[in-house]
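Below sits a lone chain in structure tokens, taken as the form predicted on its own.
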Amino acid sequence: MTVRFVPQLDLAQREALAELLLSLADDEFVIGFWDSEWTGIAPMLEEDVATSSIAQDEIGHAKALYEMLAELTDDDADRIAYGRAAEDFRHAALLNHARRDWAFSVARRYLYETADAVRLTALAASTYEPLAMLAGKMRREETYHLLHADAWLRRLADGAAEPRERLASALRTLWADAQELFAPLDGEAALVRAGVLREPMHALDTEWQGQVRRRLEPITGELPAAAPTADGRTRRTDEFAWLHGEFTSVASSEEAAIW
């Protein structure tokens, strides 16, 4: 498919694109920081290295998205990342939870990476060329993240009874919140009409569920019906408020400083 750059976006499309970019960037930023917490305490040395590398990739993707958003809105990428209150973040509810145990982090990582793969495939076909090009680059790097998550999903699912049940319990706990990666966005219809977004978010959710249910239900049993909700990107938790305090602590110690 030929990607076409959209030279002019009307106000509604620009605002909707800004909302899309913010949600994507916040997803990558927050999961990157949660997973970085495993550095030094992962189950084995190679996982210290692997998880740290994955977390670094995610934060790098967030940086690129924040910079694209800043250019679109005449803002500053560092201010967007570190200068907002916790309630102003727009990451999906899946990312509100603390890391908990390794099985919980594997479950979340698998749910996130499979959903992100569907989302990035759609964005790589965007008519907004900067986003399509970035999504294509991210897809190549995220492929390895998904392979890593899938390998650990298999390892825990095929292991002893306790790790398998920990994994199954985490997947069941996170299932509804995982749908919020496809929560509807303000102005989404304008993006679909312009081709900036290939399909509505609910269509991407349906595509994703069709893929992952076949993989997960032999582990979890039948998963309940679930769908994205209107507040799926505005619900915040005390656990995220704690993380927000951690990753903004340096920037907030001296506002307007140049680092």
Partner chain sequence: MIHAGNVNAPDEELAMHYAREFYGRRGESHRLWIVARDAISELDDPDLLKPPFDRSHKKPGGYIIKHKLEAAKARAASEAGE
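Only a predicted model underlies this, so the values are computations on that prediction, with no experimental measurement involved. Positions refer to the first chain, counted from 1.
From this point on, the text means the form predicted in complex with its partner chain, which you will not see here.
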Pick the stretch from 81-89, 138-146, 164-172, 179-187 whose residues have a heavy atom within 4.5 Å of its partner chain in the predicted complex.
138-146
Contact at I54, D57 and R155 by its partner chain in the predicted complex, all three, heavy atom at most 4.5 Å:
yes
Heavy atom within 4.5 Å of its partner chain in the predicted complex, from candidates V49, V192, I41, A203, belongs to V49
Please check if A151 has a heavy atom lying within 4.5 Å of any heavy atom of its partner chain in the predicted complex.
yes
